[in-house]
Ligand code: IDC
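Heads up, the chain below is alone and in the form predicted on its own; it's given as structure tokens.
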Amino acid sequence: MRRWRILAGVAVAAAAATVATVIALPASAETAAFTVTSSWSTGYQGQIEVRNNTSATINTWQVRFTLPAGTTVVNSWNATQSVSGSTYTFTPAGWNGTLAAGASTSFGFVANGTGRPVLDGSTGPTTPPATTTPPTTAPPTGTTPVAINGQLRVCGTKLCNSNGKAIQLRGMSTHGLQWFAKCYNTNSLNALANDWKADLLRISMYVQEGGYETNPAGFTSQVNNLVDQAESRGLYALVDFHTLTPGDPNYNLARAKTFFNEVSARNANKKNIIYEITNEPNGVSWAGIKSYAEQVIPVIRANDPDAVIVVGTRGWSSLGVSEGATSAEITTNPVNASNIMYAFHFYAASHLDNYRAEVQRAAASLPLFVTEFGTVTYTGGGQVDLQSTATWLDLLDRLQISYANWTYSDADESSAAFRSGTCNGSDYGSGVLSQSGTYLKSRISTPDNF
């Protein structure tokens, strides 16, 4: 960690130097600490902590640094960023401008290039410590999504591959395993990987409604088998602890700890697993969801320190919109954990422009993952709304937000990808696809930008 003492005035340094100047308002009130939290061959993720070292509250702060030629900030979060040439200035995001005596806040950024901000003071620029030199990562080999991307991680607001490239995963969600297990067999999974050219299988394991609580060992085995099946085809597996009723995930806290301890211990060495720790919280405060997450995440981390974890959000994972809230409750009080993302769900015929606007706002500061969406109404049925679906997917593509569609099943509802009765046979080709399935296959099977 590198600490900067606050300097009054403006930056004074040669343009060629790697210079960091921290300017406080009021001057000399606080210090800033720069840390490289993750690095790769072509860039790194940095974090800056700003601390008020005075005995009085301050109402604003400012951090300014210059990067050398060839290094740029590609995105940042929890601060307002402006740039002039190679000099970057960061001011509060709004909610984190006031710091009480001794309090601190932090913001992060992702840099393309290896140049670091370095202390600029009376002694002049210093050299970055050797420990911040990014390691060289060998390029992956293979043609499947997992072979190309390897172990995923969160970098800033994006989902990134093992070389730090921001990527988007596109795939399908199973229906409840207690009802549609027959739909997930060799032929159907081969079709998903080879014909659909999907990147992701979301494994939806209901906890209630005849699910996990009735047979924990049996459902855990089903999930593990599907993780293996996805791995063998080079697909990422999103393990969904599908809580819905009751809406407070804390009702299932003990079950969640047991399930995720067993699944993460068994699959810790796999590169393809992602954990979704609660599906659609509803009727519960964000504080309650956050508390749940901060108790379940350490259970997974004890076994699997590297996997991405997705946290459900308020209002059926609508970032709170469906219960009259906004994503601000998350940005001002985020989950105290690293390498996590936040879930957003939508159903295209029901959730329109106000939901899309919230996603666009939230994506500027939060890493989002659309772990479930439908082409129909929130009931899972009704008319397929291709116009709204296309608008949604165009937005997700532009923002590089990963997604899984509900559902890869032959359920008797218009959201299902297959016609009713398909899973009684062995044909999972284009001829058995529903209207929704035909459209989703056409969107998913286009080439990835990996």
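A residue's number is simply how far along the shown sequence it sits, counting from 1. Computed from a predicted structure; not experimentally measured.
What follows is about the form predicted in complex with this ligand, which we do not show.
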Exercise for the section: Report the stretch among 249 to 257, 319 to 327, 105 to 113, 371 to 379 that approaches this ligand in the predicted complex to within 4.5 Å, counting heavy atoms only. Expected result: 371 to 379
Practice task
Indicate whether this ligand has at least one heavy atom within 4.5 Å of a heavy atom of residue 206 in the predicted complex.
Solution key: yes
Practice task
Evaluate residue 175 for contact with this ligand in the predicted complex, applying a 4.5 angstroms cut-off between non-hydrogen atoms, and reply yes or no.
Solution key: yes
Problem - Heavy atom of residue 363 within 4.5 Å of this ligand in the predicted complex - result: no
Practice task
Please run the contact check for residue 347 against this ligand in the predicted complex: heavy atoms, 4.5 angstroms, yes or no?
Solution key: yes
Handout entry: Contact check for 262, 275 and 339 against this ligand in the predicted complex, heavy atom at 4.5 Å
Key = no
Fill in the blank from the handout: Answer key, this ligand contact in the predicted complex at 4.5 Å (heavy atoms) among 304, 231, 280, 358: the residue is 280
Practice task
Identify, from the list 244, 73, 93, 189, the residue with a heavy atom within 4.5 Å of this ligand in the predicted complex.
Solution key: 244
Fill in the blank from the handout: Near this ligand in the predicted complex, with a heavy atom at 4.5 Å or closer, the residues from 394 to 432 are 406, 413
